[in-house]
Ligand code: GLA
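Have a look below at one chain only, the form predicted alone, in structure tokens format.
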Amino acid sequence: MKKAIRHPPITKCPHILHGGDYNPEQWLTWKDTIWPEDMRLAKLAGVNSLTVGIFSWAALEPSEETYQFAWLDEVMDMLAENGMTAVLATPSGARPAWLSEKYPEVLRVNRNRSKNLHGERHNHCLTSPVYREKVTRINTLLAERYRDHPALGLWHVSNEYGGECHCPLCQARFREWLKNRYKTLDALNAAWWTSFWSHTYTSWEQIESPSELGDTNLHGLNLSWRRFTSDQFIDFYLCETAPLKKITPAVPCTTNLMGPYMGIDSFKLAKVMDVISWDNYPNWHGTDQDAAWEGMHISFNQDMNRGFKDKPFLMMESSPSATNWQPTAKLRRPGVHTLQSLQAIAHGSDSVQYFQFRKGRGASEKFHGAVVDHEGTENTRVFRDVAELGARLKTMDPIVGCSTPAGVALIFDWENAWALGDARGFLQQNTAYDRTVIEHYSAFWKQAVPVDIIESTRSFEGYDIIVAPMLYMLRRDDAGICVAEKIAEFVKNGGTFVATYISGYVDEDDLAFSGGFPGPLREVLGIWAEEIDSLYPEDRNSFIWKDKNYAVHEFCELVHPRGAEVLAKYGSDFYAGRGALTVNKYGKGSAYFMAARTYTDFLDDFYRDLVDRRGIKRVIEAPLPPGVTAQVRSDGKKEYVFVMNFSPVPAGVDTGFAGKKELAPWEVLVLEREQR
């Protein structure tokens, strides 16, 4: 298990950051009344940080090379005078209309090769030299102007990077990216298996990005385009931050991620970020569904953000009330706002921040949740919820910077997801990689075992158990070492590895392995996977493990033991009696293989047994009621235990060290104990 430590605060503020997106430029006409009132309300709510400058380009540069910083000067001074930390944003997420009009090359081109008009946001070409020049210019001016401002605590770069551009500039840059990766056309043709359907390229200029007008079935092309687009965002982020790093080297930079958004490999982007931040918008129902899925699903996302850098992160956005863009803009039930906020802190966030502080009067987010409603005072239920939380957060200074010691790692890999989602076979494009990984995670969540979410090329040092559901693609790390080699070394040295069906099928170019599946994992798992049966929705099979019968569905892989011990056998169909669960002793450790997709009843029992046998510490050792979990943060001396009830009914918990506690629906207890 990793050692618990306390990291320095992310900003100069030694407290949990509490605040969110503030858009004072929308209220310039009324700034003499609205802005002072905002400061009064922010103090009442316990707000100590506000994010400014997002989508403010038109207000900062209303025409080319004409700048208006006076209003932002006032805002920054106002924040400093009121003891607040400014999270200052760069404005590239939404450019002004004059820029689109004068430089149409900045407009994105879609997969169907149609060109966008001006509008929306993130509607810009990442390759465009003009756009990069304009972004660099405005960012440089912001950094120079506010470099020594006492309010400046963090740079918020752009906002929610996403999308892709297929314009001629991006096509040319894509070909350069391919040349750098593959060096020769012969190597590219071999890696992409272009002899299929006579797709062999004879010049680089023949290569176009995927499009329904051209090619969408060449998996090597699809995978390379996704990698290229992800690298484009990383390169653009580095372009944006270059002046910020040069002028304000002590001020950290971040950009807000969006959980498991598939458009960018967030593990890769995270490597160039100083601080991880993300936007958290759960679909709370106020029913048992929150305990059965949503609470656990959001915990997974929080742990993933902590795992990007193995450090505390920031929850940059959340809604204190209804989220207007969700299909059902449901209100937060009493207590759910606090639960959502403390859940983030429990899993490693050093902030609770909102979109938005004050509701705007027009456009698409005028009915999105906010701290200050259109009513405009502190006399609302949501404001009271935020203020109560703000008072509670003021007592949590000792938690700032604390880490989460975890002995279990769960692999979630973007490139694996891309390749698996592109596979033709199995259940076509419904193999449910995301859902499957989270179902494995849920077994640990229910028994209060901390988990790190890592990518496959990450170091495995410090972990006792590594779980890799559906590790379809086995790729290489930056040093050229295949993940299969790292897994074998981990098990040989005493680790426990768990793999499932559809593992070890393709290499990093999405080429199927020769010699049988699971490819390079055959030796460590001690099996040969000959075939896989994809089941119709009504189909079921089963196996018996430890005298209990478990149903399986959707996938049944047919394996031959090659040194592994069979722990459970299929109960029906032509492969009845074949191994459904195996374990292979390898060096000092063990490697398990689940050949079938089970329901969560088996995962719960299997991982509970595994945690017991490996001696993994639970945050609370006593069994927890359904919908209740516990997480821990530690500075190496003290542990801060968060006991959370995601259920709409009260729950009793035997904490052990603090006795029995009764939790109301949606309640969170924060308890202290000495480091174990």
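Just count from 1 along the sequence shown to find any residue number. On a predicted model such as this, the values are computed, not experimentally measured, just so you know.
Beyond the structure shown, there is the form predicted together with ligand GLA, which is absent from this document and is the topic of what follows.
Comment: ligand GLA is not present in this chain, but in the predicted complex one of Y463, Y131, F543, F355 has a heavy atom within 4.5 Å of it, namely F355.
Site annotation in the predicted complex: the residue of E439, D279, E508, D422 reaching within 4.5 Å of ligand GLA with a heavy atom is D279. Contact with ligand GLA, judged by heavy atoms within 4.5 Å in the predicted complex, is confined among 511-519, 489-497, 330-338, 361-369 to 361-369. A residue is said to contact a partner when one of its heavy atoms sits within 4.5 Å of a partner heavy atom; W57 fails this definition for ligand GLA in the predicted complex, lying far away.
By the criterion of a heavy atom within 4.5 Å, W325 is counted among the residues contacting ligand GLA in the predicted complex. In the predicted complex, ligand GLA lies within 4.5 Å of some heavy atom of E160. Looking at H149, you'd find every heavy atom of it more than 4.5 angstroms from ligand GLA in the predicted complex. In this stretch, 233-266, the one residue having a heavy atom within 4.5 Å of ligand GLA in the predicted complex is N256; the partner itself is omitted from this view.
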